[in-house]
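Only one chain is shown below, in structure tokens, and it's the form predicted alone.
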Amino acid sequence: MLTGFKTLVRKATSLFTSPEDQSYPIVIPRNNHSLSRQNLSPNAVKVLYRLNKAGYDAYLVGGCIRDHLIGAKTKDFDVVTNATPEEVHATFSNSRLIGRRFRLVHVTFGREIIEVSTFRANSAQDDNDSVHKGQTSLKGKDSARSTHGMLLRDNVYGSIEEDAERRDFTFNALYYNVQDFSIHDYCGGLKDIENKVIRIIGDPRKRYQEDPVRMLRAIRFAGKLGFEIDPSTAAPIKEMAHLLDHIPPARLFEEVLKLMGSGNGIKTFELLREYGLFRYLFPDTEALLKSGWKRDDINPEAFILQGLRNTDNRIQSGKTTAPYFLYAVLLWPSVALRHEEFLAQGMPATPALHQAASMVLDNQVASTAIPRRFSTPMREIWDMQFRLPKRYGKRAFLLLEHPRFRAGFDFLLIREASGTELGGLGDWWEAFQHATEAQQRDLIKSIDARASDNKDGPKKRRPRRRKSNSNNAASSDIKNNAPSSTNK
């Protein structure tokens, strides 16, 4: 946490003896906090000033403010305004309207996208109460719920105070005003950051019913920030986890990437299982882990934890990781189990692998959609686990040129690190990659010699017998029985 942040919170809340007595918003002037324009995306600042110049209110909101206050880096700078999406779009020529469920505007600056949303108010279900209280919404009212109470559309526009109440967690209801450089806290987010607490705004059950993905977000923040989930926020999660079944698989796919790709995958994985959410993201994997299935060459839980550990280390060291690799790790134990079942039915090894991969992927896409651009390299990584041991002749050189070699090799190292005994296969391939051509040929010869000693090397193909047609069957029999010229 940044130096002086606790002092900032104490100054902001010193007038109040208890949370019940506190009055919101708490406004932190520029001289009492360290967030400045130098900490912000220049393009986000441009959007704020442009909207202000056009006569609209505009603020930075949520994660970028929260992350700065706890000393974390942030990539996303979200803007909220009282301008409608159509008005924002008309203000920026480099923008486009997106979304039906939540109408937004993306303002593009090269590769950077600044997301601009309009202040949200109460949904249709609560709108009558707002009218009775004298609250009015801007034009563009549009809201709908499913039979399960989930918000299908939430395009009811209102004031900044209403918008704060519609945010998910208290530390995401922080707003930065570029006109006077002040921070506005509407729901006690500063105090919760100080106490490292994740607290949902409003009634937890109602908020999870509106959007079940908020349960996943609570877990993600707990894993990413190292915060504790407030008991009242955590209490309904196990009971309401089943609501994730009503979320589109494509949306859950993106959520999994955020959950496991934050550099805190192990902690997140453990929390997802603890709160009963993992089974709705990876049902086959959870069932396998719960069954306790394992065999000599794979311990599913140890393998997944090792894969997540490697991924966390890469992300924390500033390296990237491919989404398909993460999914390949999480689904490999299920592929291994199905492969074993097909082998037991007498199916050859390679067709058994392909059938196992298809079955696992078909089951998985019902929970989290996996685009073909990811499922194809996943299959290739799994296939490489059966090809990498076959290093005879020219095969090693061909495998080294395979576009998925590096991913398959890294995957193999995870298997070895999690306890799978592969006879030093990882070390062999590590040496082969960095050897000269002469050394590579010596490495292959050592494998050929060892295979010959063990009688498990590559078998020579038998010449295929030519089939004879029925009309020439008799003459064929005569030819087959006649002594050959070599035996004379």
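All values reported here derive from a predicted model rather than from experimental measurement. Counting begins at 1, following the sequence as shown.
One more form of this protein, predicted together with adenosine-5'-triphosphate, exists but is not displayed; see below.
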Which of R373, K75, K206, K290 has a heavy atom within 4.5 Å of adenosine-5'-triphosphate in the predicted bound form? K75
Among R404, R387, K294, R214, which has any heavy atom within 4.5 Å of adenosine-5'-triphosphate in the predicted bound form? R214
Find out whether any non-hydrogen atom of Y176 is located within 4.5 angstroms of adenosine-5'-triphosphate in the predicted bound form, and reply yes or no. no
Would R103 sit within 4.5 Å of adenosine-5'-triphosphate in the predicted bound form, counting heavy atoms only? no
Is H246 one of the residues lying within 4.5 Å of adenosine-5'-triphosphate in the predicted bound form, judged by heavy atom distances? no
Within a 4.5 Å heavy atom cut-off, is F221 in contact with adenosine-5'-triphosphate in the predicted bound form? yes
G62, D168 and N172: each with a heavy atom within 4.5 Å of adenosine-5'-triphosphate in the predicted bound form? yes
Sort through 364 to 372, 391 to 399, 76 to 84, 326 to 334 and report the only stretch with a non-hydrogen atom within 4.5 Å of adenosine-5'-triphosphate in the predicted bound form. 76 to 84
Contacts with adenosine-5'-triphosphate in the predicted bound form, stretch 258 to 288 (heavy atom within 4.5 Å): K258
